[in-house]
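Below, in structure tokens: the form predicted on its own, a single chain.
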């Protein structure tokens, strides 16, 4: 997992310190939601559903040019913190009045340009979003930007697939079981355009979602998904917070990946996922990944820290997911992240994407091969990453992106524009 100096020949450039790791994948990102932080959406009470109304308000002010400027800055920050690839789960397809953009993929192309400019690799996940709730409930007016007909979604996929390259992959995304019916998912998965592609879906994030699924389908979300579609290793299930014992066993026997987003799940009061039950002891094929989701936190170390700490708070003991040390948890997150992005490798075989850590970072003083992962996960902060190679190119030097000043200035203008709308 940790590439020490004797392994430096595998890397594009010899490391200065020897503290090297494979690049990490941010397995779940809604990059436009970073603007909610500047809008003060973290203040006050409420819950996920009231937060969602604030998010809808932001979503209906975003334009392609603004999105490109905001996203390039956020992606550069991800790189500075050790993410070299991002899975972008995007559902803003129409104009606020419900008409299609021209071209329809304009917003998605803005994200592609932002990733290209920052240098981060991307698995772009255009999201199918058709209903406002279980039972084909009509979309609310504030959700009409998200809607796509199945034919529109297929055309969008075809246009994006034509753009694929070494640093861009296209996947399939269904927003949730409440927003896409199972027969609609099955139709999408029957298309040749879907063959072999990663598939992502939000699932079981909120108790209300589980309750409504029980009312309409007489079973729980994960139970329903596996009964009807039999997800395989291409599938990434995001959150999976509220699970029954039977659903946990179903997932442990599967080859799916679970993408936890601890900072967002905590911020929204989603609850603590049953990660210990899912991953202790490690199942044979179930993958673990982490994501930044609403972009409050852009550090993989902090997501992993809170994933473990959340389980410690649940059980009142230490070392729940990291019983054998932090390296095991880090190894799982690297492997699961690359699988979520659509790669079969585990990160160690991707020498074009790697990060070099700083021996001078306070959290890493006197680190050894045995303690490095623990120090990184449980104390790591901004400043632990010295250099980042992404796509074989040196992008981050001394923890800084070469276009940091310009990207920050453009993001500042984008945030001011959104606040004025």
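Residue numbers count along the first chain shown, from 1. All of these numbers come straight from a predicted model, not from anything done at the bench.
Below: the form predicted in complex with another copy of the chain, not depicted.
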Looking at 325, 135, 96, 351, which has any heavy atom no more than 4.5 Å from another copy of the chain in the model of the complex?
325
At 4.5 angstroms, heavy atoms only, are 32, 174 and 233 all close to another copy of the chain in the model of the complex?
no
So in the model of the complex, does any heavy atom of residue 140 sit within 4.5 Å of another copy of the chain?
no
In the model of the complex, is there a heavy atom of another copy of the chain that lies within 4.5 Å of any heavy atom of residue 254, even though the partner is absent here?
no
Can you tell me whether residue 228 touches another copy of the chain? I mean in the model of the complex, with a 4.5 angstroms heavy atom cut-off.
no
Would residue 408 count as touching another copy of the chain in the model of the complex under a 4.5 Å heavy atom rule?
yes
Given that the partner is absent here, state which listed stretch (390 to 398, 22 to 30, 57 to 65, 371 to 379) has heavy atoms within 4.5 Å of another copy of the chain in the model of the complex.
371 to 379
Residues of 263 to 279 having any heavy atom within 4.5 Å of another copy of the chain in the model of the complex, listed in sequence order
263, 265, 266, 267, 268, 269, 271, 272
